[in-house]
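Before any questions on how it binds or moves, here is one chain, the form predicted alone, in structure tokens.
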Amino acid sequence: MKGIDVFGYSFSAIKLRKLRAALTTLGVIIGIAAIVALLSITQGLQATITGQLNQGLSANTLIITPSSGSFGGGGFGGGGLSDASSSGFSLHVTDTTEIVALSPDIETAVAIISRSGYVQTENLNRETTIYGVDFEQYAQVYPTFRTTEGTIPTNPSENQVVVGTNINQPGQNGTIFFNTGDTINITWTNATSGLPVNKTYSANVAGVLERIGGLGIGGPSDTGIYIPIEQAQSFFGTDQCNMIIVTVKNNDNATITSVSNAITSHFSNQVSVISATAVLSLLSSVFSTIQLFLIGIAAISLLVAGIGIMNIMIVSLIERTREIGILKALGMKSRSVLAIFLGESVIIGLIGAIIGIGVGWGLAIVASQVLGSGAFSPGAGGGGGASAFTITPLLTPEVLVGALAFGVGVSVIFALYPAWRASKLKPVDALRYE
């Protein structure tokens, strides 16, 4: 019996039992839709976050923090890092000179001092993170540290500052609270000893950064205020820095490893050295684990659908026993009977997978809009707010092909037993069946 005849006969058998076939297919649709929706959203979220991190991370940078510190400073968590580790070790602004001298592969080292604070004008009182950096070196490390209004002074005076775009335009709706050249008040609370004391100074806005919209570790933020490193030391009353950003001449693994080991050894293993590539690799690993977990959850519904297919096939076998007996009496071979039943499962699995992919993609789009509403906020940017970004679901060819294969595969696997039973029926016994 030819393959096209087998599938024709299988399709005719399905059409005779439309409601039963539809309910069986529904189980496959639900399982495939769940897998496609979850994976599309997860991969879209991964692509968005990775893209945002790539904006805030340079591939040839290393981030040095006290070994017990936690990421903050430039992108995750508002107030930056603690000034010292639990052992009492701390990084200092002057350590940058020592770091540069450690290896010829090191190009520059930039210290960052950060504190949570407030920016105040006549009509604005906004929480923010205040960063003390060397403007010229910081701009060399991060190309995103550039202005859309005003300039970044290469030799700034103590009262010149650069602000993120979300500071002077919090709503990003055209309402501007101050412009370049205006004076703003910068306040932070010193609670290191005794009663908390508010410290304030007036600053002149030299420039407003271009919208970055990305997540970063140490990189520029839409919600930050940048002051000269010398002013930060005076204003915060410390030369201890939260992190030091190191740039190397190239980002190959050998150079990154060599420089990291040299820095760690120099500070007697009291610092953590994290590379941008390591952060991105860790992110990819985490998302891969999440995807496997979500696939496992969604696959449960497919297993339920498979059991339903097996049940329907067994019922169909009982109903069609005499039919199978007649076919065999007319000369149909056992493998043709097996092929007919498996053909029915392939058709059900294929139809269910195709419809499930469409339904899953639609659910992913709706879910991404509901979750993000145009602004999913992971808490980036530090200080007074979050950098918003949209989640765009991704339906990759791998997911598309995998969903089709998974839907058909589950259908065929669970149809094997009833198909095998049908093929083993003896014509005489089948014809006698009532």
Partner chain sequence: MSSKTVPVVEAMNVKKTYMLGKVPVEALRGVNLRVETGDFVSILGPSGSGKSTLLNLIGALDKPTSGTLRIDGIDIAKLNDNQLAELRLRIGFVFQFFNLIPRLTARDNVELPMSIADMNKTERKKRATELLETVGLKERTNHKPAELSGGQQQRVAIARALANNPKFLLLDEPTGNVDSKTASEVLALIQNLNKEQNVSIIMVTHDEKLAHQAKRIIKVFDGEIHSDVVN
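The structure displayed is predicted, hence computed values, not measured ones. Residue numbers count along the first chain shown, from 1.
Just so you know, the form predicted in complex with the partner chain exists too; it's not on screen, but the next bit is about it.
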Q. For R320, is any heavy atom within 4.5 Å of the partner chain in the predicted bound form, or not?
A. yes
Can you work out whether H266 and the partner chain are in contact in the predicted bound form, taking contact to mean some heavy atom pair no more than 4.5 Å apart? no
Discussion item. Residue-level question: is M310 within 4.5 Å of the partner chain in the predicted bound form, judged on heavy atoms?
Written reply: no
The partner chain contact in the predicted bound form: L330, any heavy atom under 4.5 Å: yes
Here the chain appears without its partner; judged in the predicted bound form, the stretch of 162-170, 333-341, 145-153, 254-262 with heavy atoms within 4.5 Å of the partner chain is 333-341
Restricting to 5-26, the residues within 4.5 Å of the partner chain in the predicted bound form through any heavy atom are D5, Y9, S12, A13, L16
